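Just so you know, structure 1 and structure 2 below are the same protein chain in two forms, each on its own as structure tokens.
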Structure 1
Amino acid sequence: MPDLLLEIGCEEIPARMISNAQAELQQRVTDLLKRERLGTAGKITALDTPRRLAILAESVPAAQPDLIEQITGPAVSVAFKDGQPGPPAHAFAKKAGISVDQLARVTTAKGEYLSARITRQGRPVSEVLAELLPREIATLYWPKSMYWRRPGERFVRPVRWIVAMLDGEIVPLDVFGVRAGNESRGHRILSNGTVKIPRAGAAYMDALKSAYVLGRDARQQHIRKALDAATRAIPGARWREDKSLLETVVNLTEFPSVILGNFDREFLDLPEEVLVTVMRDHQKYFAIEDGKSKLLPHFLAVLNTDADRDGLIRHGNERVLRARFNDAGFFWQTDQKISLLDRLELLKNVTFQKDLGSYHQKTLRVQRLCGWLSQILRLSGREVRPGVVHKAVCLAKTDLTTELVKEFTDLQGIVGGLYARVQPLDPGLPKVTRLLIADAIYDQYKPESVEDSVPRSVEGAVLSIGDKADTIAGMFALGLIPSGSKDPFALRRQANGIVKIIAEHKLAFRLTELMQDARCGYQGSEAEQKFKNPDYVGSVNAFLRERVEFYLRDVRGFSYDVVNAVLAAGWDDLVDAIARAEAVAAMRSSTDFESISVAFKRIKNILQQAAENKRAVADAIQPNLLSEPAERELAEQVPEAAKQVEALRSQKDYRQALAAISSLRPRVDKFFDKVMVMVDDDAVRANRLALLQNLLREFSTIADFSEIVTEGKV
């Protein structure tokens, strides 16, 4: 069984697009092989560099296996007239590739039909791949694509070469006018250009390595070792770990090396956030710090070449960085001439979203919303400083008018927090209050991912939630709802942020009320006249429930059935939902809990079948109709247990509440063992259904136990 190699060579691909494209290509090739009955006996691996995407599939079948099919044709009554085959019979035989006398007959529920057993001969793998691979390559998704040949042909960058091989044989495919061969290309600078691939498999990797092209893992390991080695030149120093930057430089290089550069110590007077952003985002440099995590006047640059023996590259990088730092220092000094308070009016000229107005209007909406959130927290007994929240909201977006943010857009929010630290803001404002305001502004965009930390203070949490909720409400009201992989306004990320903040700060906010009040902020505005979503409440609630489910399952690690059970009993109060999930997860392994879960599943099925068959359920339980001892015992126990569960639930003691519910197991088991629910007597049946419905309603406020998966039980 031959190995398959596919390599797409092109001009340099943007670093941010490589990983997703490589994963998609690997999945497409895997799916293609399975779909065409060419599943590999080995593994499928990927290789990518800035100039290539490659797939290696081990042990691919040389040809498709023959496929035997049984096909059904016309009815015998139609195909035969007077016992002789007519045109329909001949046409079906021709289609099947056999003679009429080889046709069989099958009897179905609709009558007797003609049938034929045909064998479809498998095609050689080379023929299949030559036909289908070009379409898979051409339909790869790219955030941005280029036209460079014919209208309608698009790819991220012009394709310059294709390698497609089965062991040592070339697969004759054509992609964008480029015919596949066995010649790849090595490092743009260090190699001699083309490199011949002797065969698919390990020989491919060896050939690339000889041409100064390393695989992803090898490049990352090489970069880490080089960063460590360069940093050792500075006693007591270490390079600052940056996972995102490391992935970027891996995607920018094929044969990397590292150089150590320096900058003037006077630049350390600028805020560290500014210096690191310039180095990381603009120059792709790693920062260097001492043992106390304090920035040092050095940097590390990753090169896509083997060395900088004469120091020319280092000198050029130092010169560029010096100019960037000088710009940042100039912008910092220039921005101090206008205070953040004076910049609030300037927000009237900064557009938030074309249909939702300016950032000044957004600020007024968020102020109102955050005032309401602060009041909720105070009523719940949580300490919060509404004055700090109000001032932080007022100044939160003013840094969008600063020169530093215009130059370094990734610093929005951070710059506002830094400026609030050094500006007086209000005469007589205590320093501690000013720092609280500054911290809230600084953290307003947190968390930017599920791995990111939440705002440090409650005031910062309120600002962040209010800002995100206002954005989500406006976008959903306009009908700009995320769908599939499309989320241009990052609404999922912002909703994830709201959920994470509420969960980690344990805030007493109800998500549905939050979004309803955020929507009220647009009432009477020009933006409201452009709203197009008639089902705002339904769509935004479904969206937030999905985010809560994601948080509980993927971030907190609860199993899917625990999450389903808890959310079925309510998801609006997130802190409460987490507490219930923790209790269910802790109790689910007990025997009584498993058994009561099975019983609740059975109860739910009985009630559902009764509803489908239009069987009446009594409005209230009639004691005189409880004829069996088992049903009387259960009816007597339910109110007592319900009272106990409600008392424990009001104290948020969900584990004990679940234990109390589980204690009903003997009586529930006895009921199902001794009592027939669906009897012929309408009144008795309705009464027993009411008993089950009452049981289900009383004890499903913590979780829907019927959602719990129980192994080996029905």
Structure 2
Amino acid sequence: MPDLLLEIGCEEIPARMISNAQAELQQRVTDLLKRERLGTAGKITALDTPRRLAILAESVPAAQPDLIEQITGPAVSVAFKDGQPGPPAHAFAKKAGISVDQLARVTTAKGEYLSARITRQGRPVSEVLAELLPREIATLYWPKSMYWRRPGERFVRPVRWIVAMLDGEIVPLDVFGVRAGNESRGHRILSNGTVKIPRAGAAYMDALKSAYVLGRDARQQHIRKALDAATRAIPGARWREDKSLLETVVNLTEFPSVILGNFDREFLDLPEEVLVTVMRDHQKYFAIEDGKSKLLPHFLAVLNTDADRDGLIRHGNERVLRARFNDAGFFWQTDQKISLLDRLELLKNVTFQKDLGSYHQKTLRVQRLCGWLSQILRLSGREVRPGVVHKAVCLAKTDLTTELVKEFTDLQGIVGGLYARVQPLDPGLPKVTRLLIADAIYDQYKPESVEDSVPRSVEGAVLSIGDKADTIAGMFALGLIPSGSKDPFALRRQANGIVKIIAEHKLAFRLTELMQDARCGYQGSEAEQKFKNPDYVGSVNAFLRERVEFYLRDVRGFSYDVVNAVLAAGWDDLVDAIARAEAVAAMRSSTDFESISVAFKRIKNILQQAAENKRAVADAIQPNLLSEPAERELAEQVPEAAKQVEALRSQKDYRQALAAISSLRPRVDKFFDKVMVMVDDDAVRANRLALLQNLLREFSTIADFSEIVTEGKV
């Protein structure tokens, strides 16, 4: 059984797209082989470099196995006249490719029919692949693609060669007008250009290696080792680990090496954030630090060539970095000429969103919202230091007008924080307060992902929440609601951020109130006239509730039924919801809790059925109608237990409250054991239903236990 090789040779594929495309191509080829009955027991592996995506499949069947099919023809009564085959029988036999006397018969519910067993001959693998692979290649997904030959034919960059081989034989396929052959291309500069592939399999890897092309893993290892080796030249230093940068440089090289470069020590006076951004984002250099994580005046560049023999490459890279740092330094100095305070006015000219007005207007809204939020938090007993939030919000967006942020957009917020640290802000402002303001501004976009940390201080948390809530409110009011993969304003990420900040800072307030107040900020504004979402409250609450669910489940790891149960009893006070979730999660394994959950499910079902059958529920429990001892006992225990649970709940001692609810178990069990609810007597039934409803209402304030998945029967 032959080995298969497919290599798509392409002009340089964007680094960010290679890995996904590679995985997709591998999946597509694997699926294609399976679908075409050419599945292999051997390994299917992939290789990618900036200029190629390749798939190697071991031991592919040389041909599809023959396919035996039973096909049904016309009814015997139609096909045969007087025991003799008529035209329908002949036509069917011809279609099946057999003679009339080879036809068989099958009996179905509708009667007897002619049938034929036919063998579809399997096609050679080469033929199948030549026909089907081009479409798989042409339909690969790319975040951004182009055409170069004719409109309609799209790929990430022009395809320049194709290698398609089964062992040593070329598979005759044609993609974008390129005929497959057995010639690949080596490293642009180091190799002689083309490289002949003798056969599919390990020989391909060897051929590439001889042409200075390494696979992804080899490149990654190589780069890591080379980074280590280069850093050793500086005693006590280490290179700063950066996974995404490493992935980028792996995807930018076919035969990597590393050089160590230096920059003038005086540049270390610039903020580290700026230096690292220049090195990482603009130059794709790794930073080097000392044992205390302090930046050192060196960098590591990953080359797409074997060595820098004459030091020309190092010299060139140092030149570029010096110019970049000079620029950054120039921007830093220029920016100091206008203080952040004076820049507030400039925000009137910076659009936040075309329908939502300027950043100046946003600043005023967020100020109001954060004022309200600070007040709420103070009332809940949290210390929010005065003068910090107000000033931080006021200056938060002013860095959008600085040269440094225009040049390094990723540093927005951070630059504002850095500038606030060195500017007086207000005369007579104590240094401590100024630094707190600076930190809050610096952290305002945090957390940028689920993994990222939240703002360090409560004041920073308030600013970050207020800013995000204002954006979400405006967008939702405009009707710009994320759906599916469409979330152009990253509202989900921002909402996730809000949720994470609340949870980690343990901020006690209601999300529904936050969003309501955020919407109020737009009242009477020009933007409001463009609002067209008739169900702002419903949609924004549903959206945030979803984010809370996501957080509890995927970030905190609560099982989905615990999350459902807890949120059904209230979702918008997140800190409280987390405390309840923790209690439920801790209690759920106990047997009492388990059977209480079963009982609650049962109660819910009974009440539901009663509602469906229009059975009345009494307004209040009539003690004189409680005839059975089991129901009397339960009815007696409920108010008592309810009082106890309520007391514990108000102290937020949810575990004890749950324990109290669980203690109802013997009486609940006994009730269901001895008492029939749906009796014929209307008054008794209505009374028993009232008892159950009362039970459900009193004890579902911490969690809706019927949502808990139990193993027992309901």
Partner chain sequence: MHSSVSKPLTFQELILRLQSFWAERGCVLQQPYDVELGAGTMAPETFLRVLGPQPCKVAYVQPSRRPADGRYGENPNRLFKHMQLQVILKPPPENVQELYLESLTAIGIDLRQHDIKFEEDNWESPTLGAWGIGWQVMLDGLEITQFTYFQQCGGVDLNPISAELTYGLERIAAFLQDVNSIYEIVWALEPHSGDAVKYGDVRLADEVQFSVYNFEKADVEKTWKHFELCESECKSLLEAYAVLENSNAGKKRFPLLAAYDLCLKCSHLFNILDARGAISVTERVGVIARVRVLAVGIAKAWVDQQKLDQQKVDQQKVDQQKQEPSANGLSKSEPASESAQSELSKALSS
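From a predicted model like this one, the values you see are computed outputs, not experimental measurements. Residue positions are counted from 1 along structure 1's sequence. Between two forms, the rigid core is the largest collection of C-alphas that superpose within 1.5 Å.
Between structures 1 and 2, only structure 2 derives from the form predicted in complex with its partner chain. Once both forms are fitted on their core, a CA shift of 2 Å or more is seen for Asp217 between the two structures. Core-aligned CA deviation for Glu24 between the two structures: 2 Å or greater. Relative to the superposed rigid core, the position of the CA of Glu12 differs between the two structures by 2 Å or more. Relative to the superposed core, Ala104 moves its CA by 14.5 Å between the two structures. In the rigid-core superposition between the two structures, residue position Tyr204 carries a C-alpha shift of 5.9 Å.
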